[in-house]
Ligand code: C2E
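Single chain ahead, written as structure tokens, the form predicted on its own.
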Amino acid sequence: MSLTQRTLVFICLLLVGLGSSTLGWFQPVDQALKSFRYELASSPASGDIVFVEIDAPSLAEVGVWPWPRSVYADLLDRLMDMGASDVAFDIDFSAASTPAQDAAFAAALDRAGGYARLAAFAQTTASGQLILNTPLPEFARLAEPVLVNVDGDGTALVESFPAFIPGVAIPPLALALAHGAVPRAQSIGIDFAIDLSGVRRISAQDILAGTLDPETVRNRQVVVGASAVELKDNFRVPRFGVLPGALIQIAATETLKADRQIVDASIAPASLVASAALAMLLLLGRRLSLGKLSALGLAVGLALEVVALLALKLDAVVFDTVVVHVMIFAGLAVLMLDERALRWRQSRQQQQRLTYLAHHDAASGALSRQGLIDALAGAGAPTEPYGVVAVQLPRLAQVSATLGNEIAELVAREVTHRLQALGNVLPSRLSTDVFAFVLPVSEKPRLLDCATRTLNEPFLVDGHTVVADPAFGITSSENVYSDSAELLRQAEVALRVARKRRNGIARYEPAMSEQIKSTRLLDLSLRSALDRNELQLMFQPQVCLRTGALIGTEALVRWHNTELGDVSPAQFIPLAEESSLIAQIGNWVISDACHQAASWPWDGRLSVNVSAMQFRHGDLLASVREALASSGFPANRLDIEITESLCAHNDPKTLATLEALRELGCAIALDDFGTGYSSLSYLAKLPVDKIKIDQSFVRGLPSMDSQILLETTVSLGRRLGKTMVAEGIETEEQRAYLERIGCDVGQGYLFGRPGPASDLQFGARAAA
């Protein structure tokens, strides 16, 4: 597209854009942006005006609508008695009520002494006739009528109010309340940057009931109006959505008091900016890239919004901006289409090259992974059974690191050439140092022997000698009915095994995939176990060895999957730790255990195991706090069980978390003591309250070695002031011995296996 053609297109864009904006097509978006600017430029209300609202509770209290005039009289008297400086009613008093009711209200207006104002409003009929609704003469004689008209923009959006209506001598309510304010135009724009949430809103019911503190309205101006939805005195405004008419009158008054009469410049500023933006794109379109032009257009749009915000905040001026953004976008779109047309021819020229690269490795010339899969599945696939061989050259990565990537790619090219010399074996490159090729089953022994020998021979490239030291993984199409992708996967699985063998060759066996498949299936199932409510908690009793009373219980997580059945914690806990799911599972265990224990008729202790990975990949302290707060379970009844390995490295962050848990009220228990990194030097320093002796020591009873270890451990723990807990107690002899040597708490099958909370017998003694 020539410069002249672009110029004509941009002029057409400008004319269409300005015309669309004038017709109001962009108005919804412009209004949304204005509301956002009002939010950013937010300023507090003066606090001098109070809104007394006739809300739903007030309607229900009086019981009828319209209200009897005596109710308004009572309301006015009470407001004046409380010291209100002005009371303005945004209520229609143009129709007569009963003589007694009208007399009651007139008397209240007389008592107000001229400090009450009553609503008047002007309407224009379809024929253009002006109709003015004013308060009854007996009311207007005692209270100043004020106009409560507001201006809409044609979409029922109220943004301004008339400063005066030709032929009507009644001032607007806002001008009457904002003493001394001078209107700048016939229509006064309302500043919705003033935060109307700061205007005190009082239910009329509270005033009529006499429950309101008089200081709330003393020396303040009061506007009385309807806010109940059923009274239908609500209008849509910028920023705040829908507001009662009386609150809009307050917004208008606040606008005048703050001297913030909004001036709407419409699309005039935007028209100039849009013209300049299109001219900029036209002049720079051939010099800058589309990306830079887009960044420049974005900068212009953002700068315009900043100017619009400053104009509102500093000068109370608003104007439309959407047309500028539309013009910039349209101009960029034209430039993009022009550029696309230019590149289309280049794209066609490059298509063949891209097609080649999609199926080949550019450096070596071998087929890519997808290229090999397509070749084996396409018309050129071998007609007889074949084998797929995956071969890794582990030293190729070392060559790239030491001699440079160029030498490594020369080796890869030579690998392809050597494989091509074997015949039509479809050599391919799967990754940096992994290749693959195909062998007919009938010739597999011979060709595989040749391939092994040729790839084991040193590679002489660019004056360097490289020994590849290859490993081979082999599979056959006889296993999977020519599924090329599956064959390639099997060859790679066999290659993983071959790396560990001395001869570097492995043939695929189904068992190799089963282990990978089983682990993958377990991992996928575990990721959705919580969502499917497959995890559940079991509780194992902990008893006092001296009295036999149930004093605690340990929460143990179990998993039952509909497809896998019961999965051992020894299987899924390590897997959860490897995949970082342990933090999510651990949080659930803590929360669910606390919620269950909080409902038990029992004041014993609850023990919960935490993994070292929860300290590294989660916020354990926050999880415990949340569980305690949401369940109501006391922190001083919660034991957090940790393993010795967690404390072996003396990590300051871990120790700080343990100390914080203890400050929270929790106790820390050292689990499986004696099986990990036990050290007397750190045992005395750790923030630990309990020591749980591993069940392997108890199981060794009554051997003398086990007795010596148990007696030493219990004596050491008690001297350090720790509570001693023995796990794995299965016989009465073991229990009696542990009690005799001073162990405090016992846990094991003798007292109960892990089971649901319903199996716990609170208050019962353990069977001896």
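Start at 1 and count along the sequence shown; that's the residue number. Heads up, when I say rigid core I mean the largest set of C-alphas that superpose within 1.5 Å between the two forms. Only a predicted model underlies this, so the values are computations on that prediction, with no experimental measurement involved.
What comes next is about the form predicted in complex with the named molecule, which is not displayed.
**Q** Just one of 721 to 729, 707 to 715, 735 to 743, 64 to 72 has heavy atoms within 4.5 Å of the named molecule in the model of the complex; which?
**A** Of the stretches listed, the one contacting the partner is 721 to 729.
**Q** So, in the model of the complex, is residue 511 in contact with the named molecule at a 4.5 angstroms heavy atom limit?
**A** Because no heavy atom of residue 511 falls inside 4.5 Å of the named molecule in the model of the complex, the answer is no.
**Q** With heavy atoms only and a cut-off of 4.5 Å, decide whether residue 442 touches the named molecule in the model of the complex.
**A** No - in the model of the complex, heavy atoms of residue 442 and the named molecule never come within 4.5 Å of each other.
**Q** So in the model of the complex, does any heavy atom of residue 610 sit within 4.5 Å of the named molecule?
**A** Looking in the model of the complex, residue contacts with the named molecule include residue 610, since a heavy atom lies within 4.5 Å.
**Q** So in the model of the complex, does any heavy atom of residue 695 sit within 4.5 Å of the named molecule?
**A** It does: once the named molecule is placed as it appears in the model of the complex, residue 695 has a heavy atom within 4.5 Å of it.
**Q** Tell me, out of 320, 90, 554, 492, which residue has a non-hydrogen atom within 4.5 angstroms of the named molecule in the model of the complex.
**A** Only one option qualifies, and that one is 554.
**Q** Going by heavy atom distances of 4.5 angstroms or less, which of 484, 623, 160, 540 would be at the interface with the named molecule in the model of the complex?
**A** Contact with the named molecule in the model of the complex is made by 540 alone.
**Q** Check, residue by residue, if 573, 641 and 749 all come within 4.5 Å of the named molecule in the model of the complex, counting heavy atoms only.
**A** Answer is yes for this spot.
**Q** Using a 4.5 Å cut-off on any heavy atom, which residues of 651 to 673 would contact the named molecule in the model of the complex?
**A** In sequence order, 671, 672 come within 4.5 Å of the partner.
**Q** Would residue 93 count as moving between the shown form and the other one, using a Cα shift of 2 angstroms or more after superposing the core as the test?
**A** No, the C-alpha moves less than 2 Å.
**Q** Core-aligned, is the CA shift for residue 78 between the shown form and the other one 2 angstroms or more?
**A** Result for residue 78: no, shift under 2 Å.
**Q** Superpose the two forms on their rigid core, then report whether the C-alpha of residue 541 is displaced by 2 angstroms or more between the shown form and the other one.
**A** Yes, its C-alpha moves 2 Å or more.
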